[in-house]
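Below, in structure tokens: the form predicted on its own, a single chain.
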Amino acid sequence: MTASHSGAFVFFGATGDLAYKQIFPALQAMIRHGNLDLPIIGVAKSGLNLNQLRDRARDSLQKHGGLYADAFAKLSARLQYVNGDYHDDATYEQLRRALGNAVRPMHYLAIPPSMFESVIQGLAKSGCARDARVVVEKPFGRDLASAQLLNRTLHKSFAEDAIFRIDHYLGKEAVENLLYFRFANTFLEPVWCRDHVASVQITMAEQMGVQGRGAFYEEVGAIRDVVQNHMLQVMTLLTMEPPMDGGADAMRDEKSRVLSAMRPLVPAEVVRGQFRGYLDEAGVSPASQVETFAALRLRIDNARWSGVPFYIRAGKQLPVTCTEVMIELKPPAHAVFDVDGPAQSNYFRFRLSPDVLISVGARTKVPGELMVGTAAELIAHHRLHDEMMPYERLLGDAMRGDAALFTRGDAVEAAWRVVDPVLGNAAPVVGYEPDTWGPAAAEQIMAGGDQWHNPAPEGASP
């Protein structure tokens, strides 16, 4: 354990859904891999005792990732439990005693954002926030004003470098691979700019609907759920300038700069859709105007990307479940050979899920006397048999104080500034049939003859 490592892990909401599905499996994985040897303190108001919390942890692991006897025994031995109300000073005094002499404790707020202020005040008043770290789960607000309020609340008791805003999407191996590929390969830099890139598309498609979570989805919609966070974060990885080094500050500085250069959206650049049948979901208002699909055209006003259209599309009840990036390059300035069929430029294609691949679109000559070509794709396919779970990676980084994969407060606010003008009903919602690529109106935001690239099912050719 290094000098900057957290000396204890505290998670509020220890009996909640997030702890059950993600935190207990991540903690067991960290123990299995030799990366966790410190007190683990759960906090909740549930009426459970410590043995009952251990039973819940066991049940969690049996359902999410598997139970490993040796690792679970160590997890159980390190696990403590504070049962108390988040509004009661006695809860935090009990936590203070449980922490003992632990330095730099890490407090994970796996609770609704409405409870953040009470917990942060309790931590500060009891001394538990002194020289400590805090982890908060997305969503980081639901618009610009609430994000700014959340940041002010956090900054009352924690410095920015002690705040870790966790977005599990940034802990995925495929997303990290995108970042590495971008900056570890010399051949990309000369063409990674407005002189050679014609357009960029990012699609996050889901075949499933809201799966019984209609009431939740009514509060968010596609733009808040995945566009403002996951998809804009992928866009920053594609478009940020090379950082000075791989350190957290340098990386996050460049992310903030490119987010600040993104032009705020206007309703004419957004199409909102809702799949037929959404109104029949439990918890959904019969007159709901919440979008289950969003297509957007974005611009970046800087020297590298000025004039390049960026298209983002996300939706439910689409033909495939897939996240894919397509970077279309401009055609050669001078055509030496005739093209058999429609002209096609080169491209880079990144599939981030469910399978992971990086491919380059090129043209090769067709055998024979004539100098004619055909489209070909060069593919590097990654088989992630032993991929680290996102929460394992992110919790480990936070405990070490490594903030590179966490979102900084200024970047959160910059992302909200981009989407804030089109939240709510700024653009009308239009219906689309399940198992289609959304409403036909999505074609209207394409510029200069661009067309959507529809990802193929896993294993099929694009």
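Model, not experiment: these values are computed from the prediction. A residue's number is simply how far along the shown sequence it sits, counting from 1.
One more form of this protein exists, namely the form predicted in complex with 6-O-phosphono-beta-D-glucopyranose (BG6); it is left out here, but the text below deals with it.
*Asks:* Do residue 213 and 6-O-phosphono-beta-D-glucopyranose (BG6) come within 4.5 Å of each other in the predicted complex, heavy atoms counted?
*Replies:* Yes, contact at 4.5 Å.
*Asks:* At 4.5 Å between heavy atoms, is residue 204 in contact with 6-O-phosphono-beta-D-glucopyranose (BG6) in the predicted complex?
*Replies:* Within the cut-off, so yes.
*Asks:* Would residue 230 sit within 4.5 Å of 6-O-phosphono-beta-D-glucopyranose (BG6) in the predicted complex, counting heavy atoms only?
*Replies:* Yes, residue 230 is a contact residue.
*Asks:* Do residue 297 and 6-O-phosphono-beta-D-glucopyranose (BG6) share at least one heavy atom pair within 4.5 Å in the predicted complex?
*Replies:* Residue 297: no, not in contact with 6-O-phosphono-beta-D-glucopyranose (BG6) in the predicted complex.
*Asks:* Residues in which of 161-169, 301-309, 328-336, 127-135 have heavy atoms within 4.5 Å of 6-O-phosphono-beta-D-glucopyranose (BG6) in the predicted complex?
*Replies:* This holds for exactly one stretch, 161-169.
*Asks:* Residues 349, 360 and 456 are flagged as a possible site; in the predicted complex, is every one of them within 4.5 Å of 6-O-phosphono-beta-D-glucopyranose (BG6) by some non-hydrogen atom?
*Replies:* No: none of 349, 360 and 456 comes within 4.5 Å of 6-O-phosphono-beta-D-glucopyranose (BG6) in the predicted complex.
*Asks:* Name the single residue among 282, 208, 77, 244 that comes within 4.5 Å of 6-O-phosphono-beta-D-glucopyranose (BG6) in the predicted complex, judging by heavy atoms.
*Replies:* Residue within 4.5 Å of the partner: 208.
*Asks:* Give me the residue from 324, 392, 269, 225 that has a heavy atom within 4.5 Å of 6-O-phosphono-beta-D-glucopyranose (BG6) in the predicted complex.
*Replies:* Spelling it out, the residue with a heavy atom inside the cut-off is 225.
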